[in-house]
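Before any questions on binding or motion, here is one chain by itself as C-alpha cells, the form predicted on its own.
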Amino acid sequence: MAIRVGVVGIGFMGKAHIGIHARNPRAKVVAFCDTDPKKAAGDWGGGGGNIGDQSNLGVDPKALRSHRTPQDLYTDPEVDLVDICLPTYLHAANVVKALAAGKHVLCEKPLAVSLKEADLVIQAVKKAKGFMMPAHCMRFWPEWQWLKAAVAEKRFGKVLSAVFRRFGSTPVWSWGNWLLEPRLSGSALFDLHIHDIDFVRYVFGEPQAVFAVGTAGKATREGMDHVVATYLYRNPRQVVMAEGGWEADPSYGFTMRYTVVFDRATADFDLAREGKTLQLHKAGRKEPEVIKVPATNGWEQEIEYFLTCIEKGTPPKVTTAADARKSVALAHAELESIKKRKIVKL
C-alpha cells in the first residue's frame, strides 16, 4: 500500500514536494494544510523559488483533504507521513507536534535557527514512534553524491582545495516576506549557505575551526546576506571554502557551483551548464570529461530514500536530526566569527 502523505505549507518547496510524491508510485498525497484562504481552497498559483518551475504537480488540490490547522492534519488517521514545508521559524514546533501524533516526518532544512529549538526536535525524535528526517537535499543531489564518493574513495588522490559557491537574487517570493526577516529565517547564512555548511561536514567531516566574513547588505540590512567561510582541518594544506549570498540583481537568477582540485584531476560542477553540469579535467585531455549522473535531483532522491526507510522500518542515516543540529551549530560559529572577526574553534 502506498504511503499516505500530508503536506503542510504550500509554497515553493511544498509544491515541489507534492509533485515529487505524486509522481512516485510508492506515495499518495491525500491531504494538505495552508493557512492562506486561497491556498486552502485549492488555488496554488503564483509564488516562486530559485530552481525551476514547480507548477506541474500532477495532482488536483481540490481532490485532497484541506485541513484548517496543521494539528488537524497531524491527527488525521489517513496520513502516514507529514511533509513539513513551512517557514524555518515554524519547523521545530511543528516537527515536535507531528512526531507526538505518531507520524513519520520529513522537514525542510534547516532544522531550526535556534540551537535550543533544534534540541527540542532531537528530544522529540528520541521519544517518537515515527521516523524524522531533515531535508538536506544536497546530500542526495547526484553530482554531489558523486563528489562524496570520489573524495571518500580517493579516486583522484587527495583533495588540495574545495570551493563551494551558492549565490542568487534576493528571495522576494516568500509568504509575508519571511525570508527577509533575519529573526525568522536566519537570513542567507541559515537559509541558503547552510546547504554548503552541511555538505562540507558530510564530505570532509567536522572542521577544527572556522573563519568567516560576512555582510548585512541590501536584502535584510540586519542578517548575513553574504557569507564567505574557510573551514580549517588538521591538514593545513587542504583548503575548504564556501560562499553564499542572495544580494544579486533580480536579473541574475541563481548559481550553484563547486570546484574541487584533487592531486590528479579537477572536478567542476555548474548547475547552469545544462546537460554538462559535472566535468572532470585531467592532464593530457584537451576537453574535460563530462560525468554522466542520473537524471534526477536532490529533492526526488531524498524523498525516495525516506520512503524506503519507512517501508523497511529502518531509521534514516544519511541525514538525521542530530546531524542537522551540527550544521546549525556550525552556522552559529560562522556568525560568531563574522561578528568577532576571528577564528572560532569548534
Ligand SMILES: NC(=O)c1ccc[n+]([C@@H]2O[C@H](COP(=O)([O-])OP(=O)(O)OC[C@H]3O[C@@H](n4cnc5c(N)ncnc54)[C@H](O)[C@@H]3O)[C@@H](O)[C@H]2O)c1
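Just so it is clear, the model here is predicted, and its values are computed rather than measured. All residue numbers refer to positions in the sequence shown, first residue = 1.
The form predicted in complex with this ligand exists for this protein as well; it is not shown, and the discussion that follows is about that form.
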Proximity to this ligand in the model of the complex (heavy atom, within 4.5 Å), stretch among 188 to 196, 157 to 165, 209 to 217, 231 to 239:
188 to 196
Can you work out which of Ala124, Val151, Ala101, Leu90 has a heavy atom no more than 4.5 Å from this ligand in the model of the complex?
Leu90
Of the residues Val29, Ala321, Ile303, Cys33, which one places a heavy atom within 4.5 Å of this ligand in the model of the complex?
Cys33
With a 4.5 Å heavy atom cut-off, would you call His226 a contact of this ligand in the model of the complex?
no
Whether Pro134 contacts this ligand in the model of the complex should be assessed with a 4.5 Å heavy atom distance threshold; does it?
no
Although this ligand is absent from this view, report whether Leu86 comes within 4.5 Å of it in the model of the complex, heavy atoms only.
yes
According to a 4.5 angstroms non-hydrogen atom cut-off, is Ala331 in contact with this ligand in the model of the complex?
no
At 4.5 angstroms, heavy atoms only, are Phe140, Val200 and Pro316 all close to this ligand in the model of the complex?
no
If we check this ligand in the model of the complex, which of the residues in 103 to 118 reach within 4.5 angstroms of it by a non-hydrogen atom?
Glu108, Lys109, Pro110
